[in-house]
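Quick setup: one chain, the form predicted alone, written in structure tokens, and binding and motion questions come after.
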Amino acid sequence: MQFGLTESQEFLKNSARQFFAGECPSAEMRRLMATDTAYDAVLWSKLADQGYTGIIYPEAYGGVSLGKVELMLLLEEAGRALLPGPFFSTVVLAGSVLDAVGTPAHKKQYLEPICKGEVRSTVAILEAGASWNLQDIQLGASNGKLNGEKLFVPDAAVADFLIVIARNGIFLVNAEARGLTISPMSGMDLTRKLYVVRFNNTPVEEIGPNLDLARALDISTAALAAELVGGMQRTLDVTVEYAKTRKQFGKPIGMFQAVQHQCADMYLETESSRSAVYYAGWALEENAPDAATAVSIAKMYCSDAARTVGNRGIQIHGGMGFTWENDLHLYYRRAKASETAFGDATFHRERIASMVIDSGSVSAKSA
């Protein structure tokens, strides 16, 4: 393992930052946030032209075949720009599920259009219990039909097809299928719209068992943590700049130790989160034995750190931090929404404990 980024990885990170700064500045992010779906076809086409929609997928299906670390770098910059719309739900979440469980025919039919930027998709996981434990899923398909509902489904209104995680498999539903109803629901993150999806004898296509789903969800979880890192970095940058220019008692507030300590803590949280995310990406790419643990550590740490960094950033801004015109509250909303997505810190601490206990049990039996 290298402890620094390669030249090509640095190039990807820098070019992504320039792309998002040019194509999705704050004004554009706020414009899309105010729409019903936060989706813009022109921006989506530009993302596809950059190859971002197929970043980690095989060239055989129109992808770019880059690694998981590169995915973390891209999502970090997307999080820094607070990229609105269905990029995460389509490329990271739906793409990872299809890549993990789909047959070559399914990948050709559904993953390839995602890589080429021709379609949008999402994955419906949560139900009324709002549990990220897949063993708690109740919805199941019978005779090729689905009945029931899924909650907190991101970007469902702009999806061309939906992937549904059920207790007896993973199923694909066309967005125009009969019996499918999609209704908006309120969410913390204004840049990522959530929906209730209801099924009433809705015809579905099975794409595989849910036995191989864990890896896809690990990739998505690590990518979400990378988004949080980008948001933390942007919050830190804005806060430090504000501390340099805002004056109290005739001095910039950044000269006061209390403010300096807050900014130092924000920096520590951000850098530690970045290290955890990069290692998780490397572990996933190399299929390291501790990959799942590394993902949980990254998500656990980033979930707590993003909230802390947001709190400190708003506190240093004082009253300005609560105004609508200031972007800090939008990053804080993303942090709070992502904190619970794919399991909060408590969920992942318990997951780590379970993996450690299971590993100890296996070692004891082997001995």
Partner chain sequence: MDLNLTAEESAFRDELHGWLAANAPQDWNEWREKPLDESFSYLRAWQRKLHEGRWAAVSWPKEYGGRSATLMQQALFWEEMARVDAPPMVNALGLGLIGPTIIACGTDAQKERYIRKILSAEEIWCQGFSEPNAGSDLAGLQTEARLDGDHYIVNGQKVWTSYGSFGDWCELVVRTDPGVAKHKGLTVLLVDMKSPGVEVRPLRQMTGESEFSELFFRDVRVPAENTLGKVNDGWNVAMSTLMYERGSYGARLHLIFKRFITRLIELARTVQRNGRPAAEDPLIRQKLAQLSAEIEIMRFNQMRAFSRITATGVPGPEGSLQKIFWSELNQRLQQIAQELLGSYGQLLGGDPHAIDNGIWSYAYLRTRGNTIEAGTSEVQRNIIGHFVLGLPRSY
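Keep in mind it's a predicted model, so treat the numbers as computed, not measured. Positions refer to the first chain, counted from 1.
There is another form of this protein, the form predicted in complex with the partner chain, and it is not shown here; the text below is about that form.
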Only hit among Lys108, Lys251, Lys244, Lys145 for heavy atom within 4.5 Å of the partner chain in the predicted complex is Lys251
Only hit among Val119, Ala292, Ala175, Met188 for heavy atom within 4.5 Å of the partner chain in the predicted complex is Met188
I'd like to know whether Thr323 contacts the partner chain in the predicted complex, with contact meaning heavy atoms within 4.5 angstroms.
yes
Distance check, His329 to the partner chain in the predicted complex, heavy atom within 4.5 Å:
yes
Might Lys46 be said to contact the partner chain in the predicted complex, defining contact as any heavy atom within 4.5 Å? no
Check: Looking in the predicted complex, any heavy atom of Leu213 within 4.5 Å of the partner chain?
Finding: no
Whether Leu126, Val196 and Ala258 all lie within 4.5 angstroms of the partner chain in the predicted complex by heavy atom: yes
Of 265-273, 231-239, 151-159, 278-286, the segment with heavy atoms within 4.5 Å of the partner chain in the predicted complex is residues 151-159
Within 308-342, the residues having any heavy atom within 4.5 Å of the partner chain in the predicted complex are Asn311, Ile314, Gln315, Gly318, Gly319, Met320, Gly321, Phe322, Thr323, Trp324, Glu325, His329, Tyr332, Arg333, Lys336, Ala337, Glu339, Thr340
